[in-house]
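The chain that follows stands alone, in the form predicted on its own, written as structure tokens.
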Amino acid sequence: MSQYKPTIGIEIHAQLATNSKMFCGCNNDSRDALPNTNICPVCLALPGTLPVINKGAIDMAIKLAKGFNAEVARTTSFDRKNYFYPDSPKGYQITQMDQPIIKNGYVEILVGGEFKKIGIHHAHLEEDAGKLTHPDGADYSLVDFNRAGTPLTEIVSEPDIKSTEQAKRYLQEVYNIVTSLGVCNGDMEHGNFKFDLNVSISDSSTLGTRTELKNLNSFRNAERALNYEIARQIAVLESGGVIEQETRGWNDTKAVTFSQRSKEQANDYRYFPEPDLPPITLSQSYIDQVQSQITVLPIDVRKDLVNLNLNADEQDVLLAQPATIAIFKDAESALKKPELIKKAVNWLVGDYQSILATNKKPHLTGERLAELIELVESGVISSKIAKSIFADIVAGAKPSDIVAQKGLKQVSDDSELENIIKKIILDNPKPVDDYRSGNARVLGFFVGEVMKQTKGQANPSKVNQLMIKLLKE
């Protein structure tokens, strides 16, 4: 086993789901827009224009602070990060360097059955750049400024991550937080959530030289890229080489990292306070008011699910779907008993996921899921009938109404079931003789006959009890 140990820090860029851009009134959703149509003189930085801070972005950052167990800066301000690149119409980026809005937080991740805290140094607000495309075979590039000015929050972790598994878990947990709080749409294909990975290796307490893996947008590729880069750095050091501080990209097809450029230092960007935007002072009462809108955090749900003995994959299904979390929490409040809550989870990670694949506008509520579970638990309907009507429940029907309308109430009356069973015994003398001769497997035949005659509405446990009793007479 290698003596080298990795140290990983992560910078996440989460696009905020505001209606308008960070410093102007342009539409913030350009997924279906033609290139360069959601633009204005402000986001193109035409002479004489002035930015205006988006209050919605400030509110979303305040919510994120609660999700990150972090402080909200009572005074926060913006700075200019100066650099030239074709997708940046200003020739600089408005960001936060000296007074970020979020600081001193942490995220809890679950790895190997134990919770571990990953520190968040800070998170700051800034604007995104445009998008460059490079047509095949062309000697030019095209730029679309629709994305220029999109509000971002950059979330900077402490270098607390010590393995690729921890890194992947951290990314997933932050993704769960930003999506469940409604501050990010989480569409990774459209760049809503992307990240840079800083990694170094060392065989001592002194940190090694780090490289930065730039612009990844897949949890799987983050783990693959880190595994490759750690192995590459070990190979360089063991061959007597030196790790260069640089920015590297990830080639998904070849599954390798590759050098892009030497890493700039912060002072290369010549930061200075943004002269067109005043500092913002936030009162504690305003912070409290915004954060009071948050009713549940993903980590609280995860801890509930751990207590229900759910595995990580089952947990992740719920936590990746904010609407499903809400259904679960409502069902949990209604059901209260752990064994019934576990059944709610089974519905949500099983049958419900299958229906979601085809039904993009479900109407399932926690209250109706709880009602369905209680109908089965009380013996009103069988689990088989519950499955048969679940799609109707997801579509918005009330479980008790469906049961009444379709006449699906389970047959549990002893005298009614006894009459049915006695007739089946009289009509099937040979299977009766077989059972009484010791062939217990024949019992399944009799139970099946009862279910046929009752159209699946007989209470299975009562049928078994009564069938055994009557066959012995």
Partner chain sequence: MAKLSLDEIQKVALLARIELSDDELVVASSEISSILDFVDTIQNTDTAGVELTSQVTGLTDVWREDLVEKCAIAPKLLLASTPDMQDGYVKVKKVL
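Numbering follows the first chain given and starts at 1. Keep in mind the model is a prediction, meaning the values are calculated, not measured.
One more form of this protein exists, namely the form predicted together with the partner chain; it is left out here, but the text below deals with it.
Colleague: Which listed residue (Val256, Leu110, Ala334, Val143) meets the criterion of a heavy atom within 4.5 Å of the partner chain in the model of the complex?
Modeller: Flagged contact: Val143.
Colleague: Given that the partner chain is left out here, which of His190, Arg270, Lys387, Arg220 has a heavy atom within 4.5 Å of it in the model of the complex?
Modeller: The residue from His190, Arg270, Lys387, Arg220 that makes the contact is Arg270.
Colleague: Is Pro86 a contact residue for the partner chain in the model of the complex, using a 4.5 Å heavy atom cut-off?
Modeller: Pro86: contacts the partner chain in the model of the complex.
Colleague: Is Ile424 close enough to the partner chain in the model of the complex to count, meaning some heavy atom within 4.5 Å?
Modeller: No, Ile424 stays farther than 4.5 Å from the partner chain in the model of the complex.
Colleague: Whether Cys24 contacts the partner chain in the model of the complex should be assessed with a 4.5 Å heavy atom distance threshold; does it?
Modeller: Cys24: contacts the partner chain in the model of the complex.
Colleague: Answer with yes or no whether Ala440 is in contact with the partner chain in the model of the complex, where contact means some heavy atom within 4.5 Å.
Modeller: No.
Colleague: Only one of 135-143, 292-300, 171-179, 158-166 has heavy atoms within 4.5 Å of the partner chain in the model of the complex; I'd like to know which.
Modeller: Result of the contact check: 135-143.
Colleague: Determine the residues of 49-87 with a heavy atom within 4.5 Å of the partner chain in the model of the complex and present them in sequence order; the list may be empty.
Modeller: Stretch hits, in order: Val52, Ile53, Asn54, Lys55, Gly56, Ile58, Phe84, Tyr85, Pro86.
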